[in-house]
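Here we start with a single chain on its own, the form predicted alone, put down as structure tokens.
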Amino acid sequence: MRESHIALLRAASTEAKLLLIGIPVLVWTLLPIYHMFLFAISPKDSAFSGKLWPDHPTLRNFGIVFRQEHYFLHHFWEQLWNSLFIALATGALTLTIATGAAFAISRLKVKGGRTVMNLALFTYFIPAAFLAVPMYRTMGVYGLLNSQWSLIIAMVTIATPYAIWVLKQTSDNLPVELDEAAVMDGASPMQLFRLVYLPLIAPALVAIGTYAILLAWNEYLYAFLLLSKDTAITLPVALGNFLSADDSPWELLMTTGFVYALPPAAIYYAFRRYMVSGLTAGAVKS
């Protein structure tokens, strides 16, 4: 009885410590989002009032954004579509390349596969920002500047090494007996890939796909360098244009940013159960 009482006290103490840490972290994380929302519902003349709630909250800023009624918002919907297309294309290509590479390295034991993967991971020793100018020059040489595919290729290049590593680690934990049984039943490598491999690594695929999509969705530097037409740029680059004005419409900037933050939040909420299990799969070998 005494031991169970001590165990309950320890559990309660641990939970209290976690709450003491978690609550301030949660408040600190949500505070910028709350202030962004305050800007979005504030009239222009009271955006910097410093109050915890505006005196005259309004949804007019959302109407201006959705109806593209400001100079910097004339291509809002087109730029939002550009961001969505680039993000989805990056996610699809990253998954296609990484899934095939991880299968070849881990299950087919392709000679030199692990060396190639390690060399790809080695590129992460160089910050992505340092590679922006060489990437710009490369795209210029091949005539891809101002093409959305240049940004897609750049994002896939950045995301793929990590994606291969995660999927390879996940694949290494799959029982090899499954492959042997499938081969004995007459399965070809493609059937093994499609019917055995893909269903078993589905959580990791969701996590990696989400990672690649959000990486491309939030990218600014490469999008700024590789794209320049107003009808081709992504929304983050368009948001940067707000800062070039003498009297920046901060309320519209924050409104647009708030709208742009909703899709990734929805994606994370929809796939949150797969994110941790997928990204940490294979971290500890059984």
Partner chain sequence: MASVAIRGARKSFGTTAVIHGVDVAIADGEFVVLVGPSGCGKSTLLRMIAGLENITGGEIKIGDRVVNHVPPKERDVAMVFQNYALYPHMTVAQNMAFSMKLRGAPQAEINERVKRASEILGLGPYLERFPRQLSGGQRQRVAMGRAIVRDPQVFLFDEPLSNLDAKLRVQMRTEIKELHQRLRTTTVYVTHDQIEAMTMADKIVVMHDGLVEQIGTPLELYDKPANQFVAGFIGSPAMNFLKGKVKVNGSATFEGPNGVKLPLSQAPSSSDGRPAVYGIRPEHFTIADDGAEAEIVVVEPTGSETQVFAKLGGEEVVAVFRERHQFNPGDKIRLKPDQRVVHLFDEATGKRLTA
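Quick caveat, the model's predicted, so the values are computed rather than measured. Numbering follows the first chain given and starts at 1.
There is another form of this protein, the form predicted together with its partner chain, and it is not shown here; the text below is about that form.
The contact with its partner chain in the predicted bound form, taken as any heavy atom within 4.5 Å, belongs to A187 out of L73, A187, A89, L215. Only one of T115, N173, N146, Q191 lies close to its partner chain in the predicted bound form, with a heavy atom inside 4.5 Å, and it is Q191. Contact annotation for E180: at least one heavy atom lies within 4.5 Å of its partner chain in the predicted bound form. Its partner chain is not shown here, and in the predicted bound form it never comes within 4.5 Å of any heavy atom of L93.
At least one heavy atom of V196 is located within 4.5 Å of its partner chain in the predicted bound form. Within 4.5 angstroms of its partner chain in the predicted bound form, the stretch 205-244 places no non-hydrogen atom at all.
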